[in-house]
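Just the one chain here, the form predicted alone, laid out as structure tokens.
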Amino acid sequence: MGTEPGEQKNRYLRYLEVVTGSLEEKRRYRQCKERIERLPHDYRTAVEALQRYMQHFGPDQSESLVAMLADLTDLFEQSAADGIPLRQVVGEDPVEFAEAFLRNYPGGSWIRRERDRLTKTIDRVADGMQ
């Protein structure tokens, strides 16, 4: 009694998703990147810089990262369409904007985990609890 070809394909796709991540998330990510490419140059450059920053300090789950990128893209598309100046969108401090934006997305980041690990290690050693 063998497996049906459709069942084999579904099993393969589930395995592939476990190994490489959600195919749906990859599709959504590519769509966001395409939308970003269509933004006016200054908005596109700003989104790319924010995305780079947020990938380091943002959530470590792909689902949260893609949702964050989609929301960021929505914000900049709408701002460009409404003619809102870039500085009015991000304010005077882009890092403050990025940090405020990141607070809307759950999940840790590798940097946050390493900060926590460093603090715990030093606390443990300093308190003599080797």
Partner chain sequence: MLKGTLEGIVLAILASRPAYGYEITAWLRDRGFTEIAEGTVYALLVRIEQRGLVDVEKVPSEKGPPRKVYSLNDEGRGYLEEFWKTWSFLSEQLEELREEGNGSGH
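Predicted model only: the values in this text are computed from it and were never measured. Residue numbers count along the first chain shown, from 1.
Just so you know, the form predicted in complex with the partner chain exists too; it's not on screen, but the next bit is about it.
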- Task: Give a yes/no on whether residue 42 approaches the partner chain to within 4.5 Å in the model of the complex, heavy atoms considered.
- Result: no
- Message: Against the partner chain in the model of the complex, would residue 63 count as a contact residue? Criterion: heavy atoms within 4.5 Å.
- Response: no
- Item | Distance check, residue 49 to the partner chain in the model of the complex, heavy atom within 4.5 Å | no
- Task: Report yes if any heavy atom of residue 36 sits within 4.5 Å of a heavy atom of the partner chain in the model of the complex; otherwise report no.
- Result: no
- Item | Candidate site 25, 53 and 55: all three near the partner chain in the model of the complex by heavy atom within 4.5 Å | no
- Item | Stretch 78 to 98: residues contacting the partner chain in the model of the complex, 4.5 Å heavy atom cut-off | 78, 79, 81, 82, 84, 88, 89, 90, 91, 97
